[in-house]
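This document starts with one chain, in the form predicted on its own, laid out as structure tokens.
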């Protein structure tokens, strides 16, 4: 008869074997591990789910993945004595393939949950916790996972209305999907790898436009962000001066440009800056100044854009900074004034650092937003004036407006997709780096 010390390792080994059996059965077929753990109802339900998927979904999933990999086949059909070539619609196959791929990933996650559940229940049994019966399992699932049940609709919509279009847009960049020569179903779309990326950087027709538009996009984002930020700060400081009366009135007046719909203001300014019959040039002519080609000259068109954007954007910063300024402790200013600090020194050492600390995250978000500020570019200049050296882009086009023209006007879907990916990379790198450098996001005191 064995000693107690030899019985304990044997019992542990037996429990380990049972755990391995339970997990192995769950890997072989969903629900078998639960049945082994004497959770018959749960095991049968999981087994039915897998049977349903294998019987009714295995063939559609395989066809969907085949379409995603091959993007279809070209075939010959005889019609009225003539042989006509007809191919699959590659884009439809790609979308269907992505849908089935996402569904397959969901099923894999469910399969992994089945394995983890069998392992967890078996470990509980070995620890002396009996396995739940059907009623207890339903009650436990509701108590512990009701939040997940409520999140399932949102997750489903996110998966198929956000992630699916995102994946589709990324995959298009690796195809030759562009018109008029490669539009389905007349022609198949093929995978071309990184060829479109290479063309964008190496072919002069594309690279010259790309580098030019990128340069103006970055410059535009900087100018649009800085101009609105410091204009808002300037007016917030002026209104906050003690000598200024009726502060609420002035804040209300200057908030109106932000309250009026932006597209209305932009269209009004477009007529205001019109070189032929716009009131601005008429006023300048009364002063003896010749008419300025605001919208037909690249330089003046860019100046006009920055001005209009400043008018639209500074009220937001004015309202935000007014709140920040009123929250600054007045004792800090009194102490600085006693020490002999000038108004500029008080602004430089107290006001501006505190305002910047409070608004830095929004400043970074504003820069990222201006990189994709499509509305003002399209409504005010439509990307013009024309630049003969650019391919499908005007002098004031930024990347997002160039993408709009490439897709809806020129059918250059693959190139537009590549540019979209590059925009995402630029914004992601800049935003992550700046957020990490912003003291407002660090777990430390503001004043060292």
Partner chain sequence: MRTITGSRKLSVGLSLRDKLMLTVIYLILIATAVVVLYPVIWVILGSLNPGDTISSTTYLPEKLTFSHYINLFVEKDYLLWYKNTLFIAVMNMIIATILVVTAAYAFSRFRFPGRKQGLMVMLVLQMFPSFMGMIAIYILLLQMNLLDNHWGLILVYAGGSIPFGAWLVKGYFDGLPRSLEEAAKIDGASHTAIFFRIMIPLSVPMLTFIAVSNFIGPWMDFIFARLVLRSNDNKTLAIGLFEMVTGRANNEFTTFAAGAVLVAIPITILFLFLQKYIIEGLKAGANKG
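Numbering follows the first chain given and starts at 1. In this text, rigid core is short for the largest set of C-alphas that superpose within 1.5 Å between two forms. Quantities reported herein were computed from a predicted structural model and do not represent experimental measurements.
The same protein also has a form predicted in complex with the partner chain, omitted here; what follows describes it.
Enquirer: Just to be sure I understand the contacts: of 258, 230, 191, 300, which is the one whose heavy atoms reach within 4.5 angstroms of the partner chain in the predicted bound form?
Expert: Going through each option in turn, the one that passes is 258.
Enquirer: Pick from 215, 158, 136, 326: which residue has any heavy atom within 4.5 angstroms of the partner chain in the predicted bound form?
Expert: Flagged contact: 158.
Enquirer: Residue 254 versus the partner chain, in the predicted bound form: is there a non-hydrogen atom within 4.5 Å?
Expert: Residue-level check for residue 254: yes, a contact with the partner chain.
Enquirer: Using a 4.5 Å heavy atom cut-off, state whether residue 338 contacts the partner chain in the predicted bound form.
Expert: Close contact exists here: in the predicted bound form, residue 338 approaches the partner chain to within 4.5 Å, heavy atoms only.
Enquirer: Wondering, does residue 287 line up within 4.5 Å of the partner chain in the predicted bound form on heavy atoms?
Expert: Contact with the partner chain, no.
Enquirer: In the predicted bound form, is there a heavy atom of the partner chain that lies within 4.5 Å of any heavy atom of residue 407, even though the partner is absent here?
Expert: The answer is yes: residue 407 has a heavy atom within 4.5 Å of the partner chain.
Enquirer: Could you tell me which stretch in 386 to 394, 419 to 427, 59 to 67, 23 to 31 has residues with non-hydrogen atoms within 4.5 Å of the partner chain in the predicted bound form?
Expert: Of the options given, it is 419 to 427.
Enquirer: Establish, in the predicted bound form, whether 195, 207 and 211 all lie within 4.5 Å of the partner chain, using non-hydrogen atoms for the distance.
Expert: Negative, none of the three is within 4.5 Å.
Enquirer: My question is whether residue 286 is one of the residues whose C-alpha shifts by 2 Å or more between this form and the one not shown, given a fit on the rigid core.
Expert: Yes; residue 286 is a residue whose C-alpha shifts (by 2 Å or more) between this form and the one not shown when the cores are overlaid.
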